[in-house]
Every structure is written in structure tokens, then in C-alpha cells.
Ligand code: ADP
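Form predicted on its own, single chain, as C-alpha cells, below.
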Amino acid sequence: MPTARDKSAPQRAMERLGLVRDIDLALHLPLRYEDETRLDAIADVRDGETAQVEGEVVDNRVEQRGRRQLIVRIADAGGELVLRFLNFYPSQQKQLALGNRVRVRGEVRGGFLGREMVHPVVKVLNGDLPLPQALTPVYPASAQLPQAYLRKAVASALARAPLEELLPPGQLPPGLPSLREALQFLHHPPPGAPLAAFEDHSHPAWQRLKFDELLAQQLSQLQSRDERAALRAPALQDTALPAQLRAALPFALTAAQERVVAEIGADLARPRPMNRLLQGDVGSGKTVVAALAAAAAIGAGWQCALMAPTEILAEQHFRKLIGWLEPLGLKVAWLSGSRKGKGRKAMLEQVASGDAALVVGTHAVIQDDVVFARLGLAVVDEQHRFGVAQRLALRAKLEEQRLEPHLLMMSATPIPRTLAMTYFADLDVSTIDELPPGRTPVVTKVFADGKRDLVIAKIRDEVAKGRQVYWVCPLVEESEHVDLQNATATHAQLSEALPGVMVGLLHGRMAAAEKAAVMSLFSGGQMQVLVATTVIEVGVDVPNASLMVIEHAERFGLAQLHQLRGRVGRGAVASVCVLLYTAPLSDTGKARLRAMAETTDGFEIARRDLEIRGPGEFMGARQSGDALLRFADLAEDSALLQQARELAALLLRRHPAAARAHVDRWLGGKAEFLKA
């Protein structure tokens, strides 16, 4: 078997692009096409056009115009054209010798010496060179992978790849070609093919690829669900401890919370692993639902682990859960990266002995030295912020009797329906679709950066009323490369502009003890203004905070802006979110700020975010960095998705071998990423 050293640079480059199997190359579709099927007369080409012409070399010389340049002039029966090469080899100069007949392709532009092409593609005509009978594909490539090499590799793989029809007769949506026909057409479209239909992916050949890809993805998810249904988990059935917790809560649950608590409770009572996503808008009360699920597990004699992506969010959960659970006689352990030495050792002993009924922390919860006595339920908050491997590691923490813990994932970034059907087809989804009573909607205002003084005046007013304020910046300190207002500079500016007001600073580079001290002052009301980076994005709950200012709001994603806005409006006081932007705004920046100003509905925000960013970015680390949908567009292909969803269920029931072959063709080893 050839080693990496034996392989050529283009071979290694293809492997880095994931082009290993023949089917990988066959599915590596062109970015665009060049029409080399026709020739233009030199006299007919216009500035700005990409053209292909033939002519005889009538002049060839090297000139020094600031740098050495090869200047070549070619002529046909009706005109002349200059070819300019700023970088050239002696072999190129020889190739373009006087009297040679050449075919060149490139962009025509006006030049000092007349119309010219700079660095055109050149072919020397030794005798007749027939024109291609199909458009020439231009593939996604890299510096080490020339187009000519890749075209040859794709054409060869296309001839070898097993592209036989896997779907039973009559199951393909009407009007779609066979896979082989679709790929042949997309790699080598005939002259006159409707390029607009290629570019917007509406051509039947494109539709076939989208359908097959969605079908593979749906099959993989349903297979994952079936495999999980065969696994065993502890049946966690207890009503006494959740009832005690309910009685101790200072508020009543909303109808939506009651509904999802019942859904989760039914899952926990079954002897197969729960795999449920709990989604709800910012402030909808997901933490108390998780606490009731934890109480059900603990009451049944098992432990619960809650993992959050940041120390601030994990600590926020820790404080809430201690307040609710410790009065019931339960011990809550705290694990984070900053907890070391004797304190960490004591916590690990409590977890290993089972003395700690609930363990709250960051990714430190899944480190190798953390051993649970009986882990029955794992809760992952802001699940999209964790990679696949991290979630799998948490599930592997229960080894007793080959059982798996139940898994509850929580997200304050609502998942649009088409995305849930696609990326979460193997999950049960619970949605908290109402906010607790007494919350006042947050008013969002968008201002250019030039109105900072007005914003600072608004801060003075809020502080004078006894309220508190957040000011969020995207950077901690000055960067030579990015000119953004930074947290340290803003802290200094606000401290000077607001004499007598305590202005705090919070960012990710601070030590854990410093962060805790700052948050304690702000939560306790002694600190009126908190300048922070996005470490306060999720989980921070200060009901007295009524104003959120977000600096350089155009640089944040929609989900992040919505999360930050959710830090205010958590009490009965009317609250405002100010989005400061720096002109000029990109189209994406305008769309984000418009969406924030027009709606506070997290589900509508999520829908618009999906439109703006696309599913790959929206999902974050779900696929460990790989977007599994390369061709389908969830915003446009919901009808195809529904057809694929229905066919996937039928194939698994009646044609399981065809289903397995289809998944292997499309996903290969990537199917594992869908199982976390």
C-alpha cells in the first residue's frame, strides 16, 4: 500500500479534500463551467468578455515595463490581440514562437497596446484540435491540485464509480433522472445547457442529487434512532422528589413547562435511553425543567450530570440548583477547569461514591478522572456549543450492566422545523413555546456608532432609577488587525463618563475568582454597569438589568444577538436593547439588525438566521466541523425533504439492504457524527 511519501502532491491534495473513493470524486461537482465549445473572431470580442479565439503568433518579445513581461501578439483574418504574461517560463516563450497557431481563452480588456488578455489559457495547435463537445467544468480545488489533473481524475472516477440505481422501481420522485445520468450531465453539460438552472440548482439533475443526499441523511438518522431503541437505560420513575421540589419552588410552572416535564418524565420511565432536545426561547424556564428531570433521576436512586459550555453559565446553573435542591437534602457537586487541588479531589470523591446526587460543571465533567457511581441522566445545556466527541464522552460515563444514561440536550437557539427534521430526525424534540408571566417585551433600537453620547446619557437615566446596565464588546483589548471598540477601552470611557457609578469589567481572560467577584457585585446590585465580552451571552440572570448595549452589533450572529438581548427583560421592568453599528454595513449585517429590530420571537429569529447563514453555520459543531448537506438547501428544498423522509421509512422497513448501500454511498464514515 503506498505511503504518504509515495503519493504525488495532487494525490495528497485530493485526500485533504476528502476525495478518496471513486464516488467521492463523482460527487465533487463543478463550481462553474467554461464554454470552450465555440470560437470567437478576434474582431468580435468585447472588453470585459471571456472569449476563446484562434490566431497565428505574429510578434513575441520580452519587455521591461517596471518588470519583465512576455508580450505576444496573435492575429486571425479579421484582427489582432495582445497576450500579456507577467510571470513566464522560457518554455512558454518557446511555445508561443512566431508562426505557431494557438487557441487562447481569457478575459478581454483594453490595454496600452490595444485589446489584450492577461495570462490566458493557451493551447498550441499542431494540426487539427477539435473543439470540446461539452462545457468544461471548473472544480473546487487547491494550489497543489491543478484543474487539468482534477478533471482527468473526476472523469476516470465517473467511469468507474458504482452508480447503479439502488432505489426500488417507482420510488423516485417523478421527473428526476438516474444518478448516472444526473452526474454525467452535471460534470459535462452539452453546449447550450441552461446554465441558470445549474446555478440556482433547479435543474432536474441537481434535484436528483439533492434528493439522494437528503434520503441518505434521513436514513442515517432513522437507523440511529432504531439502534438507540435497542440500547438499555435505567428506568427512572420517581414522583416523590419532583413533588417536593415543585412544592418548594416560589413560582408555578407554565402550561408549556408542564407539557415538556410530562414528556421527559415518560421518557425517563422507559428502560431505553432518552435522547431528547429541549428547546425554548431565552428566559422560557428550561433550567427548572432540567431540575425536575434531575429530581426524578435522583429520587430513583441515580445520579445526574449537567454540563454547560462556559464556567459562568455552569456556575449560574450551580447556584440555582443548589438553591432548589440542597433544601431537599441533596448534595450538588461543582466541577470546572479552574477547580484544582484538594477542592477538586474532594468533589471527585463525592461523585465516585454517589454522595453527590447532581454534578454541575463545564467540559471538566467528562474528563477521564471523573467516575460516577451511578449516572442515570446527563443534561447538556447549549448543546450546539459542544462537539460530537464531548457529548459521546458524557454518554459513556455509565458502564454498569451495559446501560446508557438518558440524555437531555437543551438549547435556547430554537431549531426551525426543516432543520429539526433534517439534523435532529433521531431526536425527540420538546418545545417550551411560552414565557413565564410578568415578563415585559424588550424594545430593540438600532443606532450608528456616532450616537454613543446619547446611549451614555440613557445609561445615566437608568442608573438614576436604580437599574443596571450591560455593555457588550466583541474584543477584550486592542487588536492591530481589527478596529473594534474593545472592552477595556469602553470600561475606561464609561468609568470617566459616569463618575460615582461602579463600572465593572468581565472577560474570558480573567481568572475564575475575578469573574466570580465581578458577577457577585453585579448580581447583588452594588455594581450598576457591567462591560463584558460575550462570556455573559447565556445563563446570566439579573432581573434588575434593564438596558443592554451591544457594541459593533453587525459583527455578531443573530442567535448570539438574541441571546445577549435575553439578558434584560428578565423582570417586570420595561427593558431596552441598543444595537450600535459601524458603517458601512454589509447586506448580511443589515439583515441581522433588521431582524433584531422587527421581532423578539426566538423561533422567527432562528428562521431568519437559517436563511442568512445556511444550515452548516447554524448547526455549529453538530457535525464536528463537516456540513453533511453539501447540495440540498433546507430553506428551498422542504418538499424534497418531506419526500425523502417518507421514502426513508419505507426503505428501512422493506428494503434494508438498499438503505444501507445508499447511506454508505453518500455518507461513508460520516454517519457516526449524526449519532451524538
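Quantities reported herein were computed from a predicted structural model and do not represent experimental measurements. Note that residue numbering follows the sequence shown and begins at 1.
The same protein also exists as the form predicted together with adenosine-5'-diphosphate; that form is not shown, yet it is the one meant from here on.
Against adenosine-5'-diphosphate in the predicted bound form, the set Ala233, Gly301 and Gly376 makes no contact: no member has a heavy atom within 4.5 Å. Only one of Thr136, Asn486, Thr310, Thr254 lies close to adenosine-5'-diphosphate in the predicted bound form, with a heavy atom inside 4.5 Å, and it is Thr254.
Checked against adenosine-5'-diphosphate in the predicted bound form, the residues Arg101, Arg439, Arg460, Arg594 give one hit for a heavy atom within 4.5 Å, which is Arg439. Looking at 511-519, 279-287, 266-274, 213-221, the stretch with residues near adenosine-5'-diphosphate in the predicted bound form, meaning non-hydrogen atoms within 4.5 angstroms, turns out to be 279-287. The closest heavy atom approach of Asp449 to adenosine-5'-diphosphate in the predicted bound form falls outside 4.5 Å. Although the partner is absent here, Asp541 is a contact residue: one of its heavy atoms lies within 4.5 angstroms of adenosine-5'-diphosphate in the predicted bound form.
Put simply, Trp324 is close to adenosine-5'-diphosphate in the predicted bound form: some heavy atom of it is within 4.5 Å.
By the criterion of a heavy atom within 4.5 Å, Arg570 is counted among the residues contacting adenosine-5'-diphosphate in the predicted bound form.
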